[in-house]
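Next up, structure tokens for two forms of one chain, structure 1 and then structure 2.
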Structure 1
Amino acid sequence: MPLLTYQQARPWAKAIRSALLSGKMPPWQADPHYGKFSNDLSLAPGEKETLVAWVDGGAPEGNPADAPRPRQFTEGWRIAKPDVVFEMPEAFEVPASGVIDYQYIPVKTNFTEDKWVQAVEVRPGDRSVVHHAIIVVDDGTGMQNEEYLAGYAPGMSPQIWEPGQARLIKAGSTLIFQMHYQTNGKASADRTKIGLVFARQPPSRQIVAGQAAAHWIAIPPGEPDYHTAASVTLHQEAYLVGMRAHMHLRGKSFEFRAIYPSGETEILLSIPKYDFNWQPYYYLATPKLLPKGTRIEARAGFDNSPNNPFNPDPGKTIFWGPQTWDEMMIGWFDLAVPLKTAPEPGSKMKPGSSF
């Protein structure tokens, strides 16, 4: 429901109060004891109390003359107006039922020169059938050099980097849309698109995507507290910019740690109550310098028991798989690397490997 005006919000006053007090809203799962994040959605001290008191007082409108000007939004986007938009060449028809294989849809950029991208947003045509979308850049030199550009998952925010930071898309590259569709009982059609905002100044640091993933997961039937971990070692100095956790319906908790060359360990992000419906990137308010030799470790907990209300089948062993009723464990992260030492796009960072 829209909540842009008093008239729109007033009928939902009691529901707003309930969502605030239960912690359901705003949707922000990060433990406040670890890390400060620039896109933190949680309420500042006193704001929750103000809203609850407003509801308890009858949710009055107040003087409309004192209201701030309505916020202005770029039509259809949460980033600034894109410099270029790429869309799937035609809609993909999603049937009412059945299992759909991953779709890989190439879209040419026709860039005649290298482009530096400072903001990117992926927008599904029909969110009800898009489980996730991942867009990678194929520079034409082979699959091993495909570089992650951006993605969409429920609750994920646009990816926006600070001035001086940008992703590289080489001239002549093709964007590959990896689309995971899931049927919901109603036939639909989707035409996902991606919008790019180019850097307004020459970047000093290249944003490079990494991941620590546990492809070997095997969650026993009925297990309420299964844990696994994966890590990546940095073989050069880099700044950590942001992190994102990805699991499916049995996901319970997630944590990012930095294990420094000295042996010291620091928790970078803790998500004690993972929610599949909200998978944002957590952007550090201040990028964290990670020295050469640092190990980025992702740790995850799963609940495959009948007590998990979202569990499709607690009676079987669950392995890594592409569908929602399977499981995944991926700790995505963005690094900002000085351009003079930035790796070639496509450099692989696999579980237990080096960067």
Structure 2
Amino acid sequence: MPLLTYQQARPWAKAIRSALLSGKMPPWQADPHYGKFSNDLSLAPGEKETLVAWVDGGAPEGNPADAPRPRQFTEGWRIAKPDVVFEMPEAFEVPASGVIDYQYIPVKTNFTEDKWVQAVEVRPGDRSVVHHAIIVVDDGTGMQNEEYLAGYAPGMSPQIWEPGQARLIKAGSTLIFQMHYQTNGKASADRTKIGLVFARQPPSRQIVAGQAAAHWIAIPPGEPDYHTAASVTLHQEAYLVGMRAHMHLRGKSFEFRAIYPSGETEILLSIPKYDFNWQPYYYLATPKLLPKGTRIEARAGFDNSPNNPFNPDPGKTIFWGPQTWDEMMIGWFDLAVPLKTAPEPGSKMKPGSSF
């Protein structure tokens, strides 16, 4: 469905009108009352009305001379040219049909020194079979310290941090590609890769990935409004950079709250109508300073009733599990933690203590 020219868009006029009026498009589920996000896809006030009026007026072309210049799209990386690219060592053969267990594919970085990373992007080899990819970093200490680094799912944007903020990948780390493949009737092979751009300047804040997850969910059959919550308390001051909600097909609503040491509560992100198909990271337009002792709480609602059109089976109690017909409840968030001491020029940079 290309929409690059008038000729391409015109046949979709009615569908565009209804997608706009139903709120299906543009895909953006955050309640505008809470938080301002730098990657907000929603339309500015008046734009929806302009588009609908265009359709109602017969979707005319107008004068081509007034048209803006066609947009240029770059093929390939959306981050700057990566300094290093790690690819699955060999292609994973995806059969034409059947259910495939998650694949966990270790890829050694062979980093001989700690690296500060400014931007990451995961690119699927064959996007028609990659349901999602999650890349975690095993720091090689044997302590099973695995930290979320980056993910891919349709519609997700790459992670690019502000200058001065960076992720730390320690020397000797291994990247573990968690790959979820879905068959689609045609056999295929996939080699997903991740590109990293290194920080050009020593960072003053370290980006740390956190999560509040409710592994204990048990959603009764037919239950239309099951709620659960999970939280994490910060043991040091940190800036909240972004948030991401993850549930499966019974996911109904999701909220992130900050409960401050003063007892005051603030809603950071509210997704009143969660849509499994759209799970962006919501990046705050301005990072939010959370004092030491703040509790970040994720609250989720699920609909296991037959009224949920995406529900694959309302007749079962649903527990945590990896497949789409199981459930999950994870509130991911990125924190920017001030580094305790600015590193001396040329010295090896040390991260601040994590939360």
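Since this is a predicted model, take the numbers as computed values, not measurements. For residue numbers, the reference is structure 1: its sequence is counted from 1. The term rigid core refers to the maximal set of C-alpha atoms that superpose within 1.5 Å between the two forms.
Of the two forms shown, structure 2 is the one predicted in complex with protoporphyrin IX containing FE (HEM).
With the core held fixed, Asp275 shows a CA shift below 2 Å between structures 1 and 2. Core-aligned CA deviation for Val52 between structures 1 and 2: 2 Å or greater. Once the rigid core is used as the reference frame, the Cα position of Gly263 differs between structures 1 and 2 by less than 2 Å.
Core-superposed comparison between structures 1 and 2: Ser97 shows a Cα shift of 3.1 Å.
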